[in-house]
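As a starting point, one isolated chain is supplied in structure tokens, in the form predicted alone.
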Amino acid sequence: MDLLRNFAVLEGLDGSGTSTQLDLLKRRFLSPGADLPPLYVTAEPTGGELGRLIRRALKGEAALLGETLARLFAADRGEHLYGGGGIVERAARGELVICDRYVPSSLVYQGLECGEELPRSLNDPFPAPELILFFDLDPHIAAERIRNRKEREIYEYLEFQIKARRRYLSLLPVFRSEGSAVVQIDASRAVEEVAEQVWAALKNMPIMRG
């Protein structure tokens, strides 16, 4: 994987709090007097046609093979990266791009579902992020956090999340060896404390130092 500068990714189990932290980051960047680079926040699956189909499958509304879902994620990611106004274009023009889930999620979730080879081959051509923030959380705590959600996704059960955490921890050194900075966030802490961990990691990116 080539490294894509100005690109950071949030990863973690379901219920680890990545969406909450993205909202807090947006507020911080919009605060009066903030001398910060332009921010673009996004997520996968995207809101495009492919992403909407993936979300239906994740909700159990569309029965798809694990292999099909892996291919859909890769296709959606390709559009997300290289389409007009996409991640690559924005990062190249000096925006800080932060994405909720990226290649590591596919290697973990689809890797567990349909084996490692297909997700790896589909995602190898995509650039690696400059920074990966892994929101580490005990799967039992994650399961408790999502227990009362009105809608549950197909991977949101304890046994799968236990396997997912184990897989994440085995993959993070691989991304580090390929050039990505990897920072482990203690997602069990209070929201404000997690936000400070996230901010401390982001401040080390060259784009944040001007």
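Just count from 1 along the sequence shown to find any residue number. Owing to the predicted nature of the structure, the values given are computational and were not obtained by experimental measurement.
What comes next is about the form predicted in complex with a small molecule, which is not displayed.
Heavy atoms of every residue among Y102, Y109 and Y155 are located within 4.5 Å of the small molecule in the predicted complex.
Checking R28, R176, R149, R52 for any heavy atom within 4.5 Å of the small molecule in the predicted complex turns up a single hit: R149. At a distance threshold of 4.5 angstroms between non-hydrogen atoms, A143 is out of contact with the small molecule in the predicted complex. In the predicted complex, F134 stays away from the small molecule, with no heavy atom inside 4.5 Å. Interface residue remark: L58 is counted as part of the site for the small molecule in the predicted complex, having a heavy atom within 4.5 Å. Shown alone, this chain has one stretch from 181-189, 33-41, 155-163, 60-68 that lies within 4.5 Å of the small molecule in the predicted complex by heavy atoms: 155-163.
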